[in-house]
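Just one chain follows, in the form predicted alone, and it is written as structure tokens.
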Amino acid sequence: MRVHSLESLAALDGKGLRYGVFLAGCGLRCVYCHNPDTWSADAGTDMSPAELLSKIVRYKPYFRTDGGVTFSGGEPLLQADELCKLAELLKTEGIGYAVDTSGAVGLTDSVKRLLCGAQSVICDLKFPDAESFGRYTCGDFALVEGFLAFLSENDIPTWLRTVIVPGINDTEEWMERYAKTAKRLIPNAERYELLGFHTMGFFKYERLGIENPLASVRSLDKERLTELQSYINTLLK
């Protein structure tokens, strides 16, 4: 599989301490992406499931009962076939895994198998409807709808996340739209976390020679993020 990067002992991508495996390749072009270096399927290094396992097991003592591995990206589910092989190896070691995904993927047999075996799925609900999703990600919202419905129908533990960008989706009206979509598609989601847009990845656009559509946008104010998080929490009660 094509691995963009690895992160040991991550604490923000699922429960407990986790080993982050970031896969290369993504079919979306989110206007606020802070990792454009993961877009290309050729980015990173080829690694076999066995090679990855040998790196991951070193950290097994730190995982305890709730930690494990998180597959992220890029879009990790574009490499679901290989990840299923790695998941089987992890199982023999008693190590669980989570999947951090956009949900904008087809529900192939490998994708379904990987999701059903996960400790949890972290799904980035980037935008709440077909029009805004298409405009800001160049993706197909119908895939996300089917994806979230599958998670809900199979009662797979799910966290939702949304990046809040100043001047795009940073209003209470937008929170109402997100909450309505979440309730419709996956009412059993365990949590909904808002993330503030930041500019720390801007240098990657310059390095890659890619136009940054939000070059003039500043990071979201932390107080505003707290206000919107409180509001959407109230809507989802």
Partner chain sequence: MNEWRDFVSGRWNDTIDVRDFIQKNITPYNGDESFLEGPTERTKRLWDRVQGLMKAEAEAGGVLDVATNRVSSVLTYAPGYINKEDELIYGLQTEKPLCRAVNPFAGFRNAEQACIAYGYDIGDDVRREFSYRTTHNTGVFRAYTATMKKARHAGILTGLPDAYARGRLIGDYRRVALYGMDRLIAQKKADCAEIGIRDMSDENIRLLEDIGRQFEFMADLVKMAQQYGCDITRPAQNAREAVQWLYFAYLGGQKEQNGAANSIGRITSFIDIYIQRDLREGTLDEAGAQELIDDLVIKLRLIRHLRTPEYNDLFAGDPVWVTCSEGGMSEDGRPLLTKSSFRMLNTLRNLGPSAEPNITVLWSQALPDGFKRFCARISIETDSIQYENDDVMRPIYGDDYAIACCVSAMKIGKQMQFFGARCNLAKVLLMALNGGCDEQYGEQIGPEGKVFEEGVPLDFEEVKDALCRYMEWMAKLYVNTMNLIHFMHDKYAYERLIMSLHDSEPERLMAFGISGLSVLADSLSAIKYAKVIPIKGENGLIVDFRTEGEFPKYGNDDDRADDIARWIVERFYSELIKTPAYRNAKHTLSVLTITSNVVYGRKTGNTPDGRRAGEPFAPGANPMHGRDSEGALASLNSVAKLCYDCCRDGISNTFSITPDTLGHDTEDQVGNLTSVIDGYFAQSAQHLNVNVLDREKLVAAMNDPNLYPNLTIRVSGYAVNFNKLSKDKQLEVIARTFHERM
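Model, not experiment: these values are computed from the prediction. Positions refer to the first chain, counted from 1.
Just so it is clear, the following notes concern the form predicted in complex with its partner chain, a form of the same protein that is not shown.
- None of 207-215, 191-199, 169-177, 38-46 except one has non-hydrogen atoms within 4.5 angstroms of its partner chain in the predicted complex; the exception is 191-199.
- Within this chain, K55 lines the site of its partner chain in the predicted complex, having a heavy atom no more than 4.5 Å away.
- Of the heavy atoms in W159, some are within 4.5 Å of its partner chain in the predicted complex.
- For L235, no non-hydrogen atom is located within 4.5 Å of its partner chain in the predicted complex, even though that partner is not displayed.
- At least one heavy atom of P61 is located within 4.5 Å of its partner chain in the predicted complex.
- Contact annotation for 75-92: no residue has a non-hydrogen atom within 4.5 angstroms of its partner chain in the predicted complex.
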